[in-house]
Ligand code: SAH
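Just the one chain here, the form predicted alone, laid out as structure tokens.
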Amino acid sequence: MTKRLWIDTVGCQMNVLDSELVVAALRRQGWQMAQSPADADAVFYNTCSVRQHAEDKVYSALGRVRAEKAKRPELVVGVLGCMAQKDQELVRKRAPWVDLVVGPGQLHRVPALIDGVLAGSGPMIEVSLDRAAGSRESVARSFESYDPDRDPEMRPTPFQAFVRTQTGCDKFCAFCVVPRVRGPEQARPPAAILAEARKLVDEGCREITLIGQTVNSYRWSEEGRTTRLSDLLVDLDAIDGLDRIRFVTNYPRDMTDDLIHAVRDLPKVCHYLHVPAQHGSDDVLKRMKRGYTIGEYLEMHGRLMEAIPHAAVTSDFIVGFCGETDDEFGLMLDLVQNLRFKNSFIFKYSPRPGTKAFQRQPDDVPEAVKKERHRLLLEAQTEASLSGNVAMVGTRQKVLVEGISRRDEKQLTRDGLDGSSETDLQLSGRTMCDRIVVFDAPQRLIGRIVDVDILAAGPWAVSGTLALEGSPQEPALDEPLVHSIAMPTPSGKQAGHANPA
């Protein structure tokens, strides 16, 4: 009898990829995907611990599945990922109906662990060593590599995929729990990354995104040769059938000239760089243990813009970090207004147990102040995002069509329609600089790269029309035609908002 799996994923791209790998492993054992927890034989929550809100969502979901577990004791309930590694016994204490607690370093064991629970072995906790529990080498070994075959059905689209370059992190920012829950930084061999990319292309993938906690710190040394991220990009760019390459997330001090020049010179590498500043004050950055000054960030940004003037740079910011004053917040506001990021993901500081900030610095900025500073920073970023999008009006852009826009997707769902491949719908895609574009075209164009003439701009996206073959080229990127035009509802994440976690 076919068993069915339901999995809910919260958090970053790493978690999305982890869920894909877990599902692929279970599919090889005959499992199929369920439509809801009520239809499933196993329910998993792949978790995030970056913010308290992400953990609260998981505990709420566990509360909802409790009744189903009571009706069907044979239902396997599991908590996977970062929250499982961080809290371990606490998860079972708060939700004793959970059968499996599995950290990110043990996800390869999920199929066997399910078999054990179904065989009556009882609840199990499988996690890696704590960072303080042994040598760096022993802790690293406990975070076992997990890169089996992929499952195209779990990807956002069949023609886009994440590829992991490394696991873990050694930066130890004061506010961040990632080094604890994902372990020491460990690079994957370049040969393994390239083989995975070629296999994905053979399966129809056109765009890959390299992911790592600090992806631009990638280094692999073997037989006297060191491979950097820039070298990896050169090799990936040579793969026939691969059209686009992205990479996230970058650490400011590791944005070296060789990498910037690779982005500039390699035709398949997108001119989009996510380089979180986190704050605009040197004093706050020092308290955050970020390892650089604003002067160093500005120097990096200047080198980047000199080499690739039209590059889209995005950032992360934390408002209300421990001890943040009005003047310190003002410096962050100035940074956003001056550097004009394409978009920023803005978070209110959330104390995380196990971090240096939690242990040593009081969370002393009132919630109301955090909320107001978040609003002001978001307002500044919205204006900057609009300005950047307006500059695209009147240009022609190559757009990888990702799917139906959120607006038409909702309408099709509401009306119970599938949408003919020849019927014009509002489609959504992205440019080489990661700008979201919406336009009307047949659904059969999803997965293709098409030319779109940009006609209107809003803060979150631009809109246009499908270019006719042979029509004249429009003005260049630096020739904006308008200042502001109302936009239809776009698809995708809104610039300036925190991520779904």
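Counting begins at 1, following the sequence as shown. All values reported here derive from a predicted model rather than from experimental measurement.
Heads up, the form predicted in complex with S-adenosyl-L-homocysteine isn't pictured, but that's what we're talking about next.
- Looking at 26-34, 63-71, 428-436, 50-58, the stretch with residues near S-adenosyl-L-homocysteine in the predicted bound form, meaning non-hydrogen atoms within 4.5 angstroms, turns out to be 50-58.
- At least one heavy atom of Q278 is located within 4.5 Å of S-adenosyl-L-homocysteine in the predicted bound form.
- At least one heavy atom of C176 is located within 4.5 Å of S-adenosyl-L-homocysteine in the predicted bound form.
- Using a 4.5 Å cutoff between non-hydrogen atoms, I318 counts as a contact of S-adenosyl-L-homocysteine in the predicted bound form.
- Taking non-hydrogen atoms only, Q213 approaches S-adenosyl-L-homocysteine to within 4.5 angstroms in the predicted bound form.
- When S-adenosyl-L-homocysteine is considered in the predicted bound form, only one residue from Y297, F347, F341, F329 comes within 4.5 Å through any heavy atom, namely F347.
- Among Q88, Q160, T227, T249, the residue placing a heavy atom within 4.5 Å of S-adenosyl-L-homocysteine in the predicted bound form is T249.
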